[in-house]
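Here are two versions of the same chain, shown separately as structure tokens and labelled structure 1 and structure 2.
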Structure 1
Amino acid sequence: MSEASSQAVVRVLIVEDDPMMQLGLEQSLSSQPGIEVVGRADDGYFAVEETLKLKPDIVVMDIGLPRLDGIAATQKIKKSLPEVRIVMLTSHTTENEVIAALSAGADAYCVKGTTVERLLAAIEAAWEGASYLDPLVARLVMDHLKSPTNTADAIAVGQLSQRELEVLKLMVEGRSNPEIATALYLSPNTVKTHVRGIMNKLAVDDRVQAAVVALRAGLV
């Protein structure tokens, strides 16, 4: 299982504001063959600075940090050095924070209190460019993937005619019927007819629901 870490040295930067935690982390990691801790940072700004200076292979990043939080730091780092892998190690497990961290570019996500083995698995996965998600957050993320486009709604939207689609898009932008009429060089009456056609096909009672269906269908 340790083919990667045993054949080359992985250079790790630790970003953690709690001194105790930082020390513990460093002990756990540097005692590991194949891992070298090349630096530490205790806030987001230092994290970015040190990363740019040291160019580590992996950054082990906390979220709750002074000055600049770990998510923002991750974004900054990924912007300048996309090849640096970032492993989040934090106690935050709310959906918003997890998703935000991964969207920001984190490659793996570990929850504090986990075993060292899991952190090592995460580091290894990240180092290969793969992704590792802690059991506590894995289902959260997978469930999140379900939402973007609702198939049923997408099918309904598919029933619309070309013209109706154009009208619907403008409706989603919040345009009123008269505005849509001007935009499409139509009479307001025509637009009203289309709007009613749309609402019928989508089986909704007003334009707000029509917009909601459109969005859920992936009509971004």
Structure 2
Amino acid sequence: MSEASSQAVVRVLIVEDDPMMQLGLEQSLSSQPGIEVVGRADDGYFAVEETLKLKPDIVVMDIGLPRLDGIAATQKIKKSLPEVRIVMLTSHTTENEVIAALSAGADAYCVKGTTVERLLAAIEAAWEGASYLDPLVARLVMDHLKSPTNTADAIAVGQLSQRELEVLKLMVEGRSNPEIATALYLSPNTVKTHVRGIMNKLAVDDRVQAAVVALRAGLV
């Protein structure tokens, strides 16, 4: 951590389901001046609970977690505590996963196996309110941002009704069905029907894939 950052203690929660990886992260981070590991979690639901309880500055989050994945956990944390910074540390490096994680609110993205120095750089950047992308995934994001609107995705999104577009935009924001129902003054059953219709028209299997299609189509 830099001299400026080390003047304050950065409180970190580690979310990792591999016990050896979790232990290694705790030992590496605890040995750094200016960092205090305040807790650990081994699944997404527990990560959300611990974050709400401990209110850490930084959550180091894996994606492939049991019960609730890291992307969904990030959405829930950011909804309740937007000031908490999320550093993804994962072996998942496909474009869909990277874009979905960033769309969920992740502030930094590191790939497992990276050096401690890079992880610390990601934590410091997030702590200071900036973003950080591992060089291994930075190109994916830059290509995504520079690429023209995906024609096939734009055509698929164009099949949606105005109400379905409104629902899809809220899905991209990570809103749950009850939250979408409240925002749009709809019944929960009506929202479920719209979500099923959206997934059928976009030919996707889950909400994350639907959000990625929306992003590629330039909807948001």
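Quantities reported herein were computed from a predicted structural model and do not represent experimental measurements. The term rigid core refers to the maximal set of C-alpha atoms that superpose within 1.5 Å between the two forms. Start at 1 and count along the sequence of structure 1; that gives the residue numbers used here.
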In this pair the form predicted in complex with the DNA turns out to be structure 1
With both forms fitted on the core, check whether the Cα of residue 191 differs by 2 Å or more between the two structures.
yes
Taking the rigid core as the frame, does residue 163 move its C-alpha by 2 Å or more between the two structures?
yes
In Å, the rigid core superposition gives a C-alpha shift for residue 211 between the two structures of 19.8
